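Let us start with two forms of the same protein chain, each given on its own as structure tokens and named structure 1 and structure 2.
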Structure 1
């Protein structure tokens, strides 16, 4: 072996060492959380690093049977799906106008929307809360749908406009000559071509909406209307000393987004970098 290959091997070893150490740092807390959720509280103290033996499902039983956990889950799903659908419909229409219609102030309209990426919506919470109280939407899931839809529009428009600009004009021009209506062009030509970008935009907005804690905290104070993050906080406060149950609460809240992310990671990474790396 030459001096150079030895150097190469040691540097490779070092690279793997750092990456594996960081992987352990990522996995260890999550793994311990899951293991502890399957133990009785006493076993968590006595053998914090041991495997649960026997596996104790009691914590999850308490959570799903006594705490009505599935209804929180349903709330999160309803809010997320309706908000995403609104974002996709509104943002693809607006992106189509921005990307394909040349009009005065086109660039300004785009900037107007993109501004929203830089300013956290929570700075407007006071007025948002006032409006929902006046509209009688305080303590209603619809309030969350509206606020998340508004919050997701800037990113939706950023991602979709980028894709729409790349669609060649010839297709819609040909359809226009054939007498296809403007609405028809949008629905039959643009939307199908846009569908991969629609997935990216939806996935990009999925996590901030599913994971949001701020707006449920401020806008929802009925327990049965809690979304998962709010329900987690409420249950956490209510069962401060039942450690097995606490770990089960966290595990139940953590598994779905992790599974979703691993399944959709391709789209996440695309969405996350689409704006930045393009320029």
Structure 2
């Protein structure tokens, strides 16, 4: 074998080793979580890495029947879906204006939104809470939707603006010649071409919203309006914690984002790699 061939084989082997190690680091904790959810609390500590003997489904029965966690899952799903929809709508409209129209202060407006990525929104927690109390939105899921939309719009604009700028202006000009309105151009031309980037923006904002504990803790004190992270935190008792139930909740909570990511993975990868092979 030539020196170049050996070099290629070595580099590929190293890449595969890194990918395998990275996969193990991700899959092992998930597998351990699933196995623990099928054990009683005592068995989790006696054989933390062993298989459940026998399989104990009582944790999931307790989760959905006795503890009424379906309502908490519904709260998290409602908040996440509405927040993501708000982010996509406003970020795509703002990105279209910034990316395709030249106006005074264009760069400053874009910079203003990007600054939202640098300033942690939690610094304004007290003011946000006071504002929602004044607006009679305290203890309402709408307050969480508004906060998460405000958190996600800057990142959405950063992602979508770059994609919109890469869309040829000739497509919009041709549509204008045919008599298409600006709204029609956005809906019929820009949005279909932007779908991979929209998926990237949605997946990017999904996990921070789904896993957030801080704002539900601050803005929600009604048990029936709790989200999954807040309801899970309440399982840690002062004297006793049901770890079997805890792992069952974590396992069930991981299913929606994983299912969404798997379902949208084709568009997600397409959006990430868009522009990487341009000539």
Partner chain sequence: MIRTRKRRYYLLLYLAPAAILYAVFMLIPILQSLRYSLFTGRGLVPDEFVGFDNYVKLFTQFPFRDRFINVLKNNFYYFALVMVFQNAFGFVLAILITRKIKGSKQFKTLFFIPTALSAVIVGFIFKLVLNPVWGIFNIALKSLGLEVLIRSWLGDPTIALPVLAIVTAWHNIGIPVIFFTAGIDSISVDLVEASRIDGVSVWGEIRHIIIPILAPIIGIVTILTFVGNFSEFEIVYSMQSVYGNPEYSTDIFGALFYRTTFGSQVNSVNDVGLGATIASVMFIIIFLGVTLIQRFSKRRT
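Only the largest set of C-alpha atoms that superpose within 1.5 Å between the two forms is called the rigid core. Given the structure is predicted, the values throughout are model-derived calculations rather than measurements. Positions refer to the first chain, counted from 1.
- Between the two isolated copies of the chain, the form predicted in complex with the partner chain corresponds to structure 1.
- Once the rigid core is used as the reference frame, the Cα position of residue 230 differs between structure 1 and structure 2 by less than 2 Å.
- With a cut-off of 2 Å and the rigid core superposed, residue 35 has a Cα displacement that reaches or exceeds the cut-off between structure 1 and structure 2.
- With the core held fixed, residue 254 shows a CA shift of 2 Å or greater between structure 1 and structure 2.
- In the rigid-core superposition between structure 1 and structure 2, residue position residue 16 carries a C-alpha shift of 8.8 Å.
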